[in-house]
Every structure is written in C-alpha cells, then in structure tokens.
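The chain below stands alone, shown as structure tokens; this is the form predicted on its own.
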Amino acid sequence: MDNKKNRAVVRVPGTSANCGPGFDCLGLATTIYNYLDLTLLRGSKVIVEATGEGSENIPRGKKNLAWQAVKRFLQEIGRADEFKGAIIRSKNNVPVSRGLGSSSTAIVGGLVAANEILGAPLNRQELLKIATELEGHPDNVAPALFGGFTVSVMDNGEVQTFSFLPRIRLKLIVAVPDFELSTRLARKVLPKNVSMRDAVFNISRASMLISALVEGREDLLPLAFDDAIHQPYRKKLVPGMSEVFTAAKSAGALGAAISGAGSCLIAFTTTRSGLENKIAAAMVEEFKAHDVKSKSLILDLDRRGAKIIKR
C-alpha cells in the first residue's frame, strides 16, 4: 500500500462546551474549522507540520495530540505493529486554549482520518468512546464528531450522546480575548461540592435550554443560559466577564456564557435578529473597558461534525 492510499484529510469543527448550565455534558459545533492531513507510515517516524492559530506551540513528533489519538486508534483495532508512524499536517483556525475545543479537533481529526484510511472499522460511537477517554470528558469531542448540539451522559465509563439540530437558527458571537486560559486552572477554581439550590438552578436551566431548542421556543432562551456551578467561580479568571455578559444582553443577545473553560465568551442570538454585529461590538468594547484586548467571531452552528474532504 503506497502513501497516497494511506492518506486522508479531515475537517473538524471547533466547539463550545457547557453552554452555560450544562457543565461537562452540553456542547455545540461551530463553523470555525481545523484541517488535519494524515498519512500513515509503516516506519516509526512521526513528522508534524502545523500552520495557523497556535502552530508555534503545537508539539511535534510523538507527543503530538493527533498522533496520540492515531496511535490509540491503531491499538484499538490491532494494527499498531503495522503502522508505527505518520505524517501529520494541520491548518488551524481554532484559537488555542480559549475554550473553543482546539484539543478536541486534534483528537477527533486523528481518529476520523485514521479510521477512514483503514476502511472505517469503527463507527462514530466507538470513535467517541476513544475520544472521550483521551480528552477526559465528552462535551467537546461529541459535537466535534457529530456536529449540531449535543447532550452527553457518562455511565460506568461509557458515553452516550444525543445530537440534534435546534429548531431555532442560532448565531454564535464569540469574544476572543488575547490571553489563554488552561482547562486545568479553570477546573482548579471550582468547588468540590455545590448546594442543592445551585444544583436545582442548573438542572432547571439546562432542561429549559434543551426544551426550548428542540421545540423552537425562542421566548424561553433568556431564562436558559444562566449557570450557578462553574461560571461564578471562573469569572475571576476572565476580567470583566459579568459586564461582557451584560453588554451582550443589552445589545440584544438571548444569553451569554463562558465558552468551555474560557477564556472566550459566547453570546447567542438568532439568524433573523440581525443583531450579531451589534452584540459583537458591545462585547469587544466592554472587554476593552477592562483593559482586555479581544476580537470577535460571528459563527453559525456546524451541522456535519468531522468530515472527510479528501481520500
């Protein structure tokens, strides 16, 4: 088998996890993409080339996250002794360590490309299991794989995901501050226990969010994005977070949340509102008032998830 037959290129969407109240279980795929070009090698050399966002900090060689995913996939299907290396080329548009799922794009990209090259021995549910194992939780890898809006449940180490397309056509406005925020630090500030009151607050909002999206009830969304179990503790890590939320809502957003573990903040409106540019400007301006330089991204909901674009 020559190298051309051992090659696949995959497009993977960036993602936003939690969506406010759905800590570690809700996620959505966005129309910002990373591209991964994988060639499997029988030799043991791992060559990594990267361009775009954060490319200077992406590990080369065998520490590369996409290679780790490919290696784990090969072990799963019993072909690790056959393919011991790879050429991995990535073109990255998703900001790194900002809460838009950049690590998930590498994991999912590696898995989907390797699976395609070797004749798709695993289905997407089986790929999700490996991706969740590598990432630690499914809230980003699930939408990266399936697209749309995802609800994921862990049960005795097994992950189950429900993916759907909302009946409300959402516009996603992301404010991207000029500083990174590691997931490890963002998790470190969280409490080990939460009150019954806060648990009920989040359960009700997360339930309302899914119900509103499935039924097309735009009028219920302003109630649905609030959170009591992670954002109040993380706001000290993102200067001006609460004020940026307020500015977004004042400009017409239906709600706002930290994107994943941050540092990005994401606001939600509808495609028909026409308010996305106004909301974006308000968020950037409010960050500026807190001495934080930022840029905005206006995105749609990705409907496909990871997609093979060349084989």
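Keep in mind it's a predicted model, so treat the numbers as computed, not measured. We number the residues from 1 along the sequence you see.
Omitted here: the form predicted in complex with L-homoserine. The next part is about that form.
- Residue contact with L-homoserine in the predicted complex: residue 84 places no heavy atom within 4.5 Å of it.
- Residue contact check for residue 18: one or more of its heavy atoms lie within 4.5 Å of L-homoserine in the predicted complex.
- Although the partner is absent here, residue 234 sits close enough that one of its heavy atoms falls within 4.5 Å of L-homoserine in the predicted complex.
- Looking at residue 187, you'd find a heavy atom of it within 4.5 angstroms of L-homoserine in the predicted complex.
- Interface residue among 205, 72, 137, 124, judged by heavy atoms within 4.5 Å of L-homoserine in the predicted complex: 137.
- Contact with L-homoserine in the predicted complex, judged by any heavy atom within 4.5 Å, is made by just one of 244, 32, 261, 58: 261.
- Of the candidate stretches 296-304, 283-291, 6-14, 19-27, only 19-27 has residues whose heavy atoms lie within 4.5 Å of L-homoserine in the predicted complex.
- Looking at 270-294, no residue comes within 4.5 Å of L-homoserine in the predicted complex, counting any heavy atom.
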